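Before any questions on how it binds or moves, here is one chain, the form predicted alone, in C-alpha cells.
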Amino acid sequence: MSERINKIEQYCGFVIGNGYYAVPVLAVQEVVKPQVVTPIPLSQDCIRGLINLRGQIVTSLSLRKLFDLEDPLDRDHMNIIIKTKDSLNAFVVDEILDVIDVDPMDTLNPPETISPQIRKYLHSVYKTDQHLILLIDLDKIFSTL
C-alpha cells in the first residue's frame, strides 16, 4: 500500500469555460488575483501581455485563446503563476479548484472527442466522481510559444 501512495502526484485544478483542467503543483509558484496587463505588440493571440508581480516581469497567457475558446474581456479570472527554468508565466483561468491527488495508474489518454486544439496540449486525463480533469503538459504549451 505505501508503494502506491508514493506514486500519487498533486495537481492544481482550475476551470476554463465548461472544462476542468490541472497543472502539476510543483510548477505553480502562486495564485494571484487579476493584474494590470501591458500588451505586447505583434505577439501571439494567446499572449495577453506582461504583468509586474512584485518587481518580476511575468508573461500573461490566455489559455482560452490558446485552446481556441471564446475569451470575453470582462469576465472574472485568476492568474496561476507557473515557474519554468527560464521565466515566470501567468495562466489566466476562470476559477481555481482544490489540489487534486492523482495516481498516474488511474490516468487515461485524452479521448478523441476532445477538441484537437486542446488535446495537443494534454498529458492525460483523470476521472473523478464529478468531472473529467484534463491534465496539461506544460512542456507542450511552452514549446509552442
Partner chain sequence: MSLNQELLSDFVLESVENIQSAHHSLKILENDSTDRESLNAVYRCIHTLKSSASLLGFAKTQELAHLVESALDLVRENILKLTPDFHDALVLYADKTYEQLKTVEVTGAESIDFASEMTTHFFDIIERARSLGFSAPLRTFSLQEDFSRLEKEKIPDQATVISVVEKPLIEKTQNVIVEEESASPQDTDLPQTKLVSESTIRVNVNLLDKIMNKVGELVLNRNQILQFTNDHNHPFLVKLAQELNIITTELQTDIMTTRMQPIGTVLSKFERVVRDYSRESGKKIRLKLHGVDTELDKSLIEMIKDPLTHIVRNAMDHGLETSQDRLASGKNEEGTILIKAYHESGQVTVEIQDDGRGLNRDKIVAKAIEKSLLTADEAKNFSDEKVFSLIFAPGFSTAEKVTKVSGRGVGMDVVKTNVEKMGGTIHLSSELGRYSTVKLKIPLTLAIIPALTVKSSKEIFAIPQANIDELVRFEENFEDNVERILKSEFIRLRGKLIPIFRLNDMLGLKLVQKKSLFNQLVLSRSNEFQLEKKLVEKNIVEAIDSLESEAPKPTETNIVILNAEGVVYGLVVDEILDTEEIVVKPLEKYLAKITHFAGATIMGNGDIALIIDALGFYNSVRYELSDLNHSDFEDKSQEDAELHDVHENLLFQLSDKRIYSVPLSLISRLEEINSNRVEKVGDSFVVKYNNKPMVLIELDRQLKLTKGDRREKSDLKGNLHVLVVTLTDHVYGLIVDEILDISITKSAVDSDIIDRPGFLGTLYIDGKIVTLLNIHQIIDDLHLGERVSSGSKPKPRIQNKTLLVVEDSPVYRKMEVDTFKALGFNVLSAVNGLEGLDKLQNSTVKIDIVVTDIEMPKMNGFEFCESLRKDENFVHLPVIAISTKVTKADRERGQKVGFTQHLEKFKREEVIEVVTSYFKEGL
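Given the structure is predicted, the values throughout are model-derived calculations rather than measurements. Numbering follows the first chain given and starts at 1.
As for the form predicted together with its partner chain, it is not shown, yet the points below apply to it.
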| query | finding |
| --- | --- |
| Contact flag, Gln35 vs its partner chain in the predicted bound form, heavy atom cut 4.5 Å | yes |
| Touches its partner chain in the predicted bound form: Leu145 (any heavy atom, 4.5 Å) | yes |
| In the predicted bound form, Leu42 touching its partner chain (heavy atom, 4.5 Å) | yes |
| Its partner chain contact at Leu88 in the predicted bound form, heavy atom, 4.5 Å | yes |
| Residue among Asp98, Glu112, Glu70, Asp76 with a heavy atom within 4.5 Å of its partner chain in the predicted bound form | Asp76 |
